[in-house]
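One chain comes next, on its own, written out as structure tokens in the form predicted alone.
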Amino acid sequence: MTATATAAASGANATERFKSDKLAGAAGTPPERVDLLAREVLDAVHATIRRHKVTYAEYNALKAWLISVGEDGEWPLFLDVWVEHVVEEVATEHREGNKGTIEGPYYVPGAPERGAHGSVPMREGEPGTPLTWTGQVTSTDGTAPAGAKIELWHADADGFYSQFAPGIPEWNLRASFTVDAEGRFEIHTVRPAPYQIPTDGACGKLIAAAGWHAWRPAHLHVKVSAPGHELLTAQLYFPGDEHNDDDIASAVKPELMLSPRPVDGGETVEYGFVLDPERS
């Protein structure tokens, strides 16, 4: 049952997924960059300690919390929620096409292919308002790049992601769509619900201690790719969500807001993507 999902289990799954999918990409970072970044991060920590006269009791509380983050397997969650949005902002500031945002810890490559028009895999009676999403993928010059693909994933109505929480079919609410010759697509899914990030682990302890909330607004995750173009990673949001303005992950951007319209017991929305050519 999904009700037995825990932060520790989700965190451990996210950590293992990171190790298998992305750790190799970090190899080869030049030593001078490691030296520069590590020194400046530590300098910022030192400056905070001096500015606020941090006590040994506060230092030991931080130390205990950092240990628990590792024990709970929550480093991917912590970094993706509170740090990644700035990395994404810097990495994509040159782009002329669509704005992106954070990936988050729950992406899984290899989702089932559904063509240019199809539905994401879901359980019979999957909770959520039916959502039909249409759009077009183009390049910055207005042409439709051949072979463009949209990978879509999102949480279920309980805020859980398949492959990171128990009791959910492997590819539930995850699919890939290859656009047609004009770059167009039509996707059928259900509107996701807002949810809280896991709060039963170390990240939850920080949230409680600081008096923060743990909510993320409802969102669809996407990766949009095409040969010869930069990969776009984004999340798409829904108007009226009470946490669009105070997302715990600071990932909401005005350009990523959808405009759904009611239709026949569900909703329809049109939203397309403009991809930047790869830089030489």
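Computed from a predicted structure; not experimentally measured. So that there is no doubt, residue numbering starts at 1 and follows the sequence shown.
There is also a form predicted in complex with a small molecule; it is not shown, and the following applies to it.
*Asks:* Which one, Val222, Ala218, Ala226, Ala249, lies within 4.5 Å of the small molecule in the model of the complex by heavy atoms?
*Replies:* By the 4.5 Å criterion, the partner-contacting residue is Ala249.
*Asks:* Using heavy atoms only and a 4.5 Å cut-off, determine which of Gly73, Gly100, Gly104, Pro192 is in contact with the small molecule in the model of the complex.
*Replies:* Selected residue: Gly104.
*Asks:* Taking the shortest heavy atom distance, is Phe164 within 4.5 Å of the small molecule in the model of the complex?
*Replies:* Flag for Phe164 set to no.
*Asks:* Since only the chain is shown here, I'm wondering whether Leu77 would be in contact with the small molecule in the model of the complex (any heavy atom pair within 4.5 Å).
*Replies:* The answer is yes: Leu77 has a heavy atom within 4.5 Å of the small molecule.
*Asks:* Val81: heavy atom within 4.5 Å of the small molecule in the model of the complex?
*Replies:* Because a heavy atom of Val81 falls inside 4.5 Å of the small molecule in the model of the complex, the answer is yes.
*Asks:* Is there a non-hydrogen atom of Ala175 within 4.5 angstroms of a non-hydrogen atom of the small molecule in the model of the complex?
*Replies:* Taking the distances in the model of the complex, the answer for Ala175 is no, it never comes within 4.5 Å of the small molecule.
*Asks:* The chain here is shown without the small molecule. Which stretch in 110 to 118, 124 to 132, 166 to 174, 193 to 201 comes within 4.5 angstroms of it in the model of the complex, by heavy atom distance?
*Replies:* One stretch meets the cut-off, namely 193 to 201.
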